[in-house]
Ligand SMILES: NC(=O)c1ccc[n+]([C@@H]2O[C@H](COP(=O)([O-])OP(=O)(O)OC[C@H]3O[C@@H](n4cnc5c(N)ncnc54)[C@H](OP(=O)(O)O)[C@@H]3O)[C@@H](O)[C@H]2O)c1
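Next up: a single chain in structure tokens, the form predicted alone.
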Amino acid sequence: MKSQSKTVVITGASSGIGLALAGAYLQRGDNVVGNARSTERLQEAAASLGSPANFLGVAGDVADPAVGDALIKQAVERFGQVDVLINNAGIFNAKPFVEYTQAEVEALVNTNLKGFFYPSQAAARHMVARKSGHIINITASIALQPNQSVPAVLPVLIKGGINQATKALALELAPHNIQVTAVAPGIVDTPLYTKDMHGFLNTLQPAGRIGTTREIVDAVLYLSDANFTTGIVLPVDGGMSSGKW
């Protein structure tokens, strides 16, 4: 049993994995600071969670450095500290390499790269001062093991870079008692995929099915409590990243 509650900041908290994470931490009695692009989406998320007093919504685009700063600042003002940052906000766009447009490149860089960098930078400043904390990145299994059936060079480029950055940042922050880890999901049952897509998607993982948000949540909960574990990228993908099958 946990000795005291934590304060957990989650980006992309209004749906899918992020919303499931928010619910799981709230059930444990932790404080949750959730981010989404709009106040309306955060209000809907809070309502779906039962409008708990220990949930704070902070709206804004995580590609903006000011939003990363605001997430940490408001979390500290409301709850006193930040124990865990979960960089969950992300988009996925699979298509042939030559068909990516400039707008798609900029969108993926903004959400997936800047959305990792700026909140992490703000959190790291706070955590270094506290000599405690954990940053957890939600990346992608396909960045560990690309699949010819799913051309996705741009997401692989960015999420693969974050997988390596996880290790580099873990080394840099270890002397400050800060852990940095990542969870690399395979294909997960979220609003990103319609039900009619599941038949094909099930074939892309050796386990023969797509994952559940709870399975990703369980991995994140483990890592956020694992104080002697840092610098790892944990695949939760039904064997998808294990090799060719």
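Everything numeric here is computed off the predicted structure, so don't read it as measured data. Quick note: we count residues from 1 along the sequence shown, nothing fancier.
What comes next is about the form predicted together with the named molecule, which does not appear here.
- Heavy atoms within 4.5 Å of the named molecule in the model of the complex belong, among the stretches 144-152, 124-132, 85-93, 164-172, to residues of 85-93.
- With a 4.5 Å cutoff on heavy atoms, Pro191 counts as touching the named molecule in the model of the complex.
- Not displayed here, the named molecule is kept clear of Ile158 by more than 4.5 Å at the level of heavy atoms in the model of the complex.
- Among residues of the shown chain, Thr229 is not one whose heavy atoms approach the named molecule to within 4.5 Å in the model of the complex.
- When contacts are judged by a 4.5 Å heavy atom cut-off, Gly16 counts as touching the named molecule in the model of the complex.
- Taking Val180, Val220, Ala36, Val33 one by one, only a single residue has any non-hydrogen atom within 4.5 Å of the named molecule in the model of the complex, and it is Ala36.
- Residues Arg41, Gly60, Asp61, Val62 of 39-63 are found to place at least one heavy atom within 4.5 Å of the named molecule in the model of the complex.
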